[in-house]
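Just one chain follows, in the form predicted alone, and it is written as structure tokens.
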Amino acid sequence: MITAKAPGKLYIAGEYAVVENGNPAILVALDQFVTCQIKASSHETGNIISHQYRNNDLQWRRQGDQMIVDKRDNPFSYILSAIKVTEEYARSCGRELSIYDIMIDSELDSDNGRKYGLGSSAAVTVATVKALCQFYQLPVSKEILFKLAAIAHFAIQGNGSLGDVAASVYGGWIAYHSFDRQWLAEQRHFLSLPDLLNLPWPDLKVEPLQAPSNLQLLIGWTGKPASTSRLVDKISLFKAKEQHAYHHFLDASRECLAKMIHGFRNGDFSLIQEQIRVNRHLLQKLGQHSGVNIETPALQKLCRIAEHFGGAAKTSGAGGGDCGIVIIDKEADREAVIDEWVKNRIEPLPLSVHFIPQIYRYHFNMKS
């Protein structure tokens, strides 16, 4: 039995802007995981088994007279795409393909299937790729693991920055600069997979960050799941209609993130808090101008409570529900924040940052 894990993630800052090539975001990997187990099958068929996804709903919408199924919210789509891409790589490395059973277990959703917005689709993609590399005895670096998972994930989602994939691969706090996904889509038609993996990807940059010693991260869940892919689609419409306002948002977000990354590099807690508030303001304005409900009333309440106790708070990810994050001093009264959240039906998530060794090469005989 081969076992591989990938952590969940949360966006700290840079949401929406990061979908544009080269734009930065800060993310953090969390100590809740998707676990993928693989074992060779003794039968002519293999199985994909998941406790969480056994009763998965397949969502669809109406477009004229057509029923449109959105595969981006179906976790099995990501598993199958991860298998396809990794086996393509295995064949290129001279491996003979096998039949196997895959078992998926996720800590990123609650026991009753509620989604917390911790990047389950990215984590399940990374865990599946990682386990298959182990199964087929393919040594890969973090960079190659990221690229394989990014190709698989992007093939299903079709939009987004792939920052959540990077967080699941690299762990800890990271500054992520998104790469040119249009370039990737085009090159997939012309280059072999090994050649594509070995090329530098335009604008891609992943920088590990060190949080100041007095920085504490609090996470609250509003009780309302949100679909990132659909919210990003709506912002794309705003981008097309209001190009000047959109580019002003991008410029301001880049400046904000540059300052925040500087704060991490220099251990400047106050600067990080200040730019968290700036980024929240930018996202609020983006929501107002685009008509997208990024900061819901529950998220506003979450942030207002945290700010009252000295925290710098904002939405995490696409907003519209899911989680809010708080950067607060370790000396602050975190229990007071949590108590007020609970009184206001905001669920505190007891999660910590998950680190993966930076000197890393994943071999098939190493523990994941």
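The shown structure was predicted, so the numbers you read here are calculated from the model rather than taken from an experiment. Counting begins at 1, following the sequence as shown.
There is another form of the same protein, the form predicted in complex with a small molecule; it is not shown, and what comes next is about it.
Three-residue candidate spot 8, 106 and 130; no residue lies within 4.5 angstroms of the small molecule in the model of the complex by any non-hydrogen atom. Taking 318, 28, 328, 303 one by one, only a single residue has any non-hydrogen atom within 4.5 Å of the small molecule in the model of the complex, and it is 318. Proximity to the small molecule in the model of the complex, defined as a heavy atom within 4.5 Å, holds among 77, 228, 275, 134 only for 228. Screening 144-152, 209-217, 253-261, 160-168 for residues having heavy atoms within 4.5 Å of the small molecule in the model of the complex returns a single hit, 160-168.
Although the partner is absent here, residue 19 lies within 4.5 Å of the small molecule in the model of the complex, judged by heavy atoms. For the chain shown alone, residue 204 is not a contact residue for the small molecule in the model of the complex, no non-hydrogen atom being within 4.5 angstroms. Interface residue remark: residue 232 is counted as part of the site for the small molecule in the model of the complex, having a heavy atom within 4.5 Å.
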